[in-house]
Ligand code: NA7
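This document starts with one chain, in the form predicted alone, laid out as structure tokens.
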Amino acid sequence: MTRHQPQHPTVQPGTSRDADAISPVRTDVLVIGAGMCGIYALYRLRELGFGTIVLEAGGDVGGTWYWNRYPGCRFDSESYSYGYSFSRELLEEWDWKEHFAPQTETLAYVRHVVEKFDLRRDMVFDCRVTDAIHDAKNDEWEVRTESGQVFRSTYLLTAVGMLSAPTLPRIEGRESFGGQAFHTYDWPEEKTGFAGERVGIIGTGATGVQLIPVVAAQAEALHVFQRRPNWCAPLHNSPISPEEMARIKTRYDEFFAQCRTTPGGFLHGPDRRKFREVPEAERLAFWEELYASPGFGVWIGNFAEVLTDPEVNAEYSAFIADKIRQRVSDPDLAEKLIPKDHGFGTRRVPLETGYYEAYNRPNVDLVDVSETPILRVTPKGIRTTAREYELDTLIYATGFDAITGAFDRINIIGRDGARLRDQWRDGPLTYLGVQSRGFPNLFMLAGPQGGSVSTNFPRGIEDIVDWVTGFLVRLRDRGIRRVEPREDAVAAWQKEVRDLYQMTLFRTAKSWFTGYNSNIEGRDGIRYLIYNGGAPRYRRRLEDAAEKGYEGFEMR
């Protein structure tokens, strides 16, 4: 794969990072990240006449679809609802092969988009940003990279991904293991199979749920170390025939219009019937239909009260628990796979293919670390309070420092020397999820408390990129050099975000929705990371601010 450098004067990797010794590359806009969000941002900014450079830590485009190459990785939203909607020609020429595309197909799609619109020439790869420092005198951002490159721009846009900062468990002895060990996010390209291996997987979140059935079918022995079980539901994936794809292409306008009406930006929206007004037999038949249907309907196509009323949620959780018992042969094992600390859907629901059936295989062993905690990683494998498990490969499916983690890993310094990670120590403080006070001209395209991080991602990022780039056009046309949110606007947005948490049961569960992460010290309290008002409401909030002259922002 040829890695392309943009058509701008650049500094060579390895050059001194001393800003005084380097002639920085200057552009109008810098975008950090070449995933789904950064790609569309570059397309739109170029169309609007802004000089733009995209800086990407990876070796190619794709973001999450570049890094997450673990076996079993795929969409949990319908392929044809996930792709970009901005180009009719693109929609007509691309054929999805499965209803829920695997990582390989999605990465091929992303690369196709980049080549079609000639976007690669304005991207720099293997370019990990370490520092972003605001220059108040010149109203510019100076961005430095791990390899010593320096860039300057009027505007800095982040498209760093919401699940792009992997975390490892706080277990002693990790470096002592004598076999191959890695986080799923850093999957080795050469690792393609597990025949004859003894494998350990720590974690049963969304990644583990996709990975475990694949490894179970190949490995000599698989030991799954479960900290807390998740509620999971079947994906029901299937191929898309050429004839069906042709029909889908005639319905794109309908599909995207439907996505714009639903809270999550998916094809699935809540059933607005009152739960207690629907007879029990009819409710159960509806639930059976949802469980047998593909995609997220089982979660977000349900009665709205399942996610707001504890009693309704408990009844539905009991229904799903019975499904797990039906699919797992060992009754005691089934009970270990049923969550007891949160209700169905109060954390993001992993969609699975044969996950529960994997535990029926004689080569698969579930280790419940709430009963026998892990003491340490050893040169041979993992030692719990019960025994040592000898392993050839150890896989950490231990998740991410969600949403804010990628920001915290960059030294972002704003006005008067303020550090963003310090300002966000107890949780992010934003206005509209777009900007933080004290960090002029820094726009977060998929940042905390914005709409895109809690929706079908491409649907949300097309909205926010269009809004932010429209704002930049206004600033350019009026000769405005600096913009940041007012303090009262930030305070009002914080209240709205917090109030919306009180309306759902998400607040009751330990999950990345609430900023919980047992792998990070001190992350056991609630952090208000997402906007729970739904995509249509968030879109109206953006539109309202724009119609009122971008109310809530100070422009100088």
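Just count from 1 along the sequence shown to find any residue number. Bear in mind the structure is a predicted one, so any value in this text is a computation, not a measurement.
One more form of this protein, predicted in complex with the named molecule, exists but is not displayed; see below.
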Given the stretches 496 to 504, 511 to 519, 483 to 491, 34 to 42, which is the single one in contact with the named molecule in the predicted bound form, using a heavy atom cutoff of 4.5 Å? 511 to 519
Does the named molecule come within 4.5 Å of any heavy atom of K336 in the predicted bound form? no
is_contact(L366, the named molecule) in the predicted bound form, heavy atom dist at most 4.5 Å: no
4.5 Å heavy atom contact, F457 and the named molecule in the predicted bound form: no
Would you please decide whether L163 lies within 4.5 angstroms of the named molecule in the predicted bound form, comparing each non-hydrogen atom pair? yes
Using a 4.5 Å heavy atom cut-off, which residue among G269, G381, P169, G427 comes into contact with the named molecule in the predicted bound form? P169
Between the options G414, G200, P448, G203, which residue brings a heavy atom to within 4.5 Å of the named molecule in the predicted bound form? G203
Contact check, 307 to 331 vs the named molecule in the predicted bound form, heavy atom within 4.5 Å, ordered by sequence, gives none
